[in-house]
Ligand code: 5AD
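Next comes just one chain, in structure tokens: the form predicted alone.
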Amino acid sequence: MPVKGTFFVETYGCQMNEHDSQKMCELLQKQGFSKAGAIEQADVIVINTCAIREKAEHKVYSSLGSLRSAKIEKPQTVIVVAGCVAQQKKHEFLRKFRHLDLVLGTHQISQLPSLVSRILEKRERIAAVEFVDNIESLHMSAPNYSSSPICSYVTIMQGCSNFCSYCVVPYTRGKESSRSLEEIQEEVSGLATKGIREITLLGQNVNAYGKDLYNFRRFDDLLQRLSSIGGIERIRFTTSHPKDFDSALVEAIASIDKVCEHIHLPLQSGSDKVLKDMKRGYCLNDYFEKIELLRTKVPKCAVTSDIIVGFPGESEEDFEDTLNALQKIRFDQIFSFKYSSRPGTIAQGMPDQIPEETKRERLAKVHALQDSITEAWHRDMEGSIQQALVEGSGRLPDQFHGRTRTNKIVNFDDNGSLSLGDLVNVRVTKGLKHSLLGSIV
């Protein structure tokens, strides 16, 4: 196939977006395009966007503004905005940015090559943002553009049906849609033959996997089936919803050797009042009981979470409840954010919006508390022996880095015989704030 030109895909947001970008790269390559070394060298530029936080959306506007001059210098350049912000803004993007050629919605990724061809041939400006029942891109993998030769993402479902009051995902990704168990198995088997040793199963709510399938399958059934595939040594998954987190999943983590002892379970707030306003579907005691069950069955399991501060109506008492919850649960790590109002959500119109200065102060307190907890967890690991998957070079020359089964980065000296993908035992010699140091046993 003759080379049609070059492409560059810039990604904002989560692992799901990163995997979608890999799929776009694969599609453009199959169409005859090659990957450009830099954005300014590309004939097709794709900005893959995230709408979860306001800051991520602002980055998109900044990127599009900077591409105006690139379009003037090279008018034939095709500029594409994809992802959740594209789905949210739709035709508004085309009206606002006259140099933009294509707005590509989250259900239309598979149409990227044909739409680019139409634009090159007819110089049309297109908004492809329709939701469809069968999302073609959900059923494809992108091994050629995986960010690692030994680890890969595997999307098992897309969308969310929970409609939390602050979240745009149901509006930008659509309702929950699961792939068949057999199709996922086939993809993972193919990845294993290409040397992939660790997979991360992706979905906006992986716990809800299979509920929409006519032959209902459970997520723990999927984990069991994937664990039988030779060559795959580790299985991870993200993200879980506490409402759907149950004893069957705990049992799967405890009993399936290849499932890593780490779960990301977003709490969002330690206040029952705020959780109710967020429409999360659980109370703090429900969450505590699930964490207690998990840590009883899987004592070494690492638990990470998301926290939002400054949700509308969050009082000082509500915020103190969150700090108390962090102290009681002692997460291994959290991702914490100031609440940002998202268009079309229930929370956008709620009274008692919190001032930015208050949100900043609360976020700083959360960061300080969690940093101390994380560092304490890492210090407690000193002297322990952890299995690490060798993933690449370490912080210093003659070092490698890997991740423990509990998803912690560990740097260790090269013993002269290591290769990417090796599983090695490492004794932790020092616990740092964000990582571990160790030596090979």
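We number the residues from 1 along the sequence you see. Note that the coordinates shown come from a computational prediction; the quantities given were computed from them, not determined experimentally.
One more form of this protein exists, namely the form predicted in complex with the ligand; it is left out here, but the text below deals with it.
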> Going by heavy atoms within 4.5 Å, which of 253-261, 188-196, 292-300, 337-345 lines up against the ligand in the predicted complex?
Replying inline: 337-345
> Of these, 323, 329, 128, 167, which has a heavy atom no more than 4.5 Å from the ligand in the predicted complex?
Replying inline: 167
> Looking at 210, 313, 266, 113, which is the one with a non-hydrogen atom within 4.5 Å of the ligand in the predicted complex?
Replying inline: 266
>> So, residue 308 and the ligand: in the predicted complex, are they within 4.5 Å at any heavy atom pair?
In response: yes
> Does residue 59 reach the ligand in the predicted complex if we count a contact as any heavy atom within 4.5 Å?
Replying inline: no
>> Is it the case that residue 401, even though its partner is missing from this view, gets within 4.5 Å of the ligand in the predicted complex, heavy atoms only?
In response: no
> Is there a heavy atom of residue 53 no more than 4.5 Å from a heavy atom of the ligand in the predicted complex?
Replying inline: yes
